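Coming up is one lone chain in structure tokens, specifically the form predicted alone.
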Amino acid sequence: MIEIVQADITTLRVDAIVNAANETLLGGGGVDGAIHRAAGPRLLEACRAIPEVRAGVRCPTGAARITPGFDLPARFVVHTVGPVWRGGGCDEPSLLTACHRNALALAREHTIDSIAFPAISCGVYGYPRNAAAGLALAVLADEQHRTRTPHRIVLCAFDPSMSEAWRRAAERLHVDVVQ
């Protein structure tokens, strides 16, 4: 089941929430900052403990890492780094696809049955909302159809325009969603 909700992702009662992080995993603005604030200082400690794959990079664009949720209602935070939009010619769609697929792979590995995604890359990274919504829904629906897990996938929008972008994408792609 895929749901679309408009809410603060840090308040959702799911097994895991996805953090639209930056490559350092040390917090930032938007959803990343909100998740770090709500999870408490132990999240930053856990992120610092993730080894760097190169100087300053704990999670390359498209990859995903997992930590406990600490003070969040969610048991886990799955951190993924979306692409910065540069016009669409710099592999942005495949990198955004990888974010969603890799987050779900970690969810399956950790027996996570419910997971909430924000609008990855749609904030300061500038990915066009309608394009990102269609891509996310197509990937998540395909993955859930193939593996049947996680059973509950929530698309969590902070504002009404993102909720509407996901709803329009679901209609266009003929993906059944709960609203």
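Residue indices: 1-based, along the sequence shown. Here the structure is a predicted model, which is why all the values come from computation and not from measurement.
Below: the form predicted together with a small molecule, not depicted.
K.L.:
Taking the small molecule in the model of the complex as the reference, which of 31, 132, 115, 59 has a non-hydrogen atom within 4.5 Å?
P.N.:
In short, 31.
K.L.:
Although the small molecule is absent from this view, report whether residue 7 comes within 4.5 Å of it in the model of the complex, heavy atoms only.
P.N.:
Yes, contact at 4.5 Å.
K.L.:
Examine residue 171 and determine whether its closest non-hydrogen atom to the small molecule in the model of the complex is within 4.5 angstroms.
P.N.:
No, residue 171 is distant from the partner.
K.L.:
Applying a 4.5 Å heavy atom distance criterion, does residue 156 contact the small molecule in the model of the complex?
P.N.:
Heavy-atom contact with the small molecule at 4.5 Å: present for residue 156.
K.L.:
Using the partner position in the model of the complex, report whether residue 122 sits within 4.5 Å of the small molecule, counting heavy atoms only.
P.N.:
Residue 122 belongs to the contact set for the small molecule.
K.L.:
Counting only non-hydrogen atoms, which stretch in 137 to 145, 41 to 49, 59 to 67, 124 to 132 is within 4.5 Å of the small molecule in the model of the complex?
P.N.:
Only one stretch qualifies here: 124 to 132.
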